[in-house]
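Consider the single chain below, provided in structure tokens and representing the form predicted alone.
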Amino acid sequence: MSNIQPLFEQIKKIAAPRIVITTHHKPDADALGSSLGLYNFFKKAGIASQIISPTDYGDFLDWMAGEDTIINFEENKTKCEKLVKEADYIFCLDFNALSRINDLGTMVEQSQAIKVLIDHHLNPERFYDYEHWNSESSSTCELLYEVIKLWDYTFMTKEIAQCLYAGIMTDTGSFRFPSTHANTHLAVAELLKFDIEHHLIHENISDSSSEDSVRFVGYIISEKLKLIQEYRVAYMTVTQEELIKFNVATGDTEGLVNYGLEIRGIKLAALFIDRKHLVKMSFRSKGNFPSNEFAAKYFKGGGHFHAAGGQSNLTLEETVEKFKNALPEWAHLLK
């Protein structure tokens, strides 16, 4: 659904529009790529904007143009509150509920600004005035590519194209997930015309891990990967002690859950991380197993059909036990 086409012309009529761009907490390449893609689009159009991230993010994303201008809400709450309160427009990218931006969500909700949603997650909460939303799209970056074509493609630049490519590439699992459609490849083909050196983008995202991070991943796969063959399930757990031992930083667990799904025959992979106050979960699936429904039913979560997340107030051990006990009910979809 989209009613966003006339918005850019409206914004251009304002002498100095105050624009805030935000995305979900612990932003990934799609979240940050779409945010910086929009920031650089406005910059090319001569319009100032400010990105606010609810939290920090992995340093494998710090190569994106404009990244050094992003404000971390957790470190600058007073400044961010002022920006949100005074904003004319707030662009909400790659999230479908204000709870996904933590405490920043309350400020956005109370702001009198016009709110704009660009997103591909299911069932968005109705907190916005304008939208460009499609749950069938590969990524928010692909949706932003569509928005730029609707608005003014002459403002597309190499810097924007690099940001959008990064988000599309990662959210499609390097173009292998079912969400990759013909339009996805057509969009990428257009982005490649800007000489974006896509091999360097892959290197920046995939080949920039610290030694601690590589050893951490190796340890978890070697020592913590468990299989439940009866249900074609693989899962891994990460304790607080292991996070400390390997100096795990933001972004180091990104994609870890996918290793379980690489095993032949596995249809559901899960990752459980003890974050002290909560156990955070990631789910990945194949075939007709709905990760988002599973996460929503048992772990206050949601997401996409084949990729979802959740959380638990139980201990790590209790959470895993709850997970195992839930599997028989879904056995018909795991066979």
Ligand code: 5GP
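Residue positions are given as counts along the sequence shown, with the first one as 1. Worth saying up front: this structure is predicted, and the values here are computed from it rather than measured.
Omitted here: the form predicted in complex with ligand 5GP. The next part is about that form.
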Can you check whether residue 300 is within 4.5 Å of ligand 5GP in the model of the complex, heavy atom basis?
yes
Using heavy atoms and a 4.5 Å limit, would one call residue 51 a contact residue for ligand 5GP in the model of the complex?
no
Might residue 309 be said to contact ligand 5GP in the model of the complex, defining contact as any heavy atom within 4.5 Å?
yes
Could you tell me if residue 100 has a non-hydrogen atom within 4.5 Å of ligand 5GP in the model of the complex?
yes
Of these, 121, 115, 132, 232, which has a heavy atom no more than 4.5 Å from ligand 5GP in the model of the complex?
121
Please determine, with the chain shown alone, which of 278-286, 39-47, 53-61, 66-74 has non-hydrogen atoms within 4.5 Å of ligand 5GP in the model of the complex.
278-286
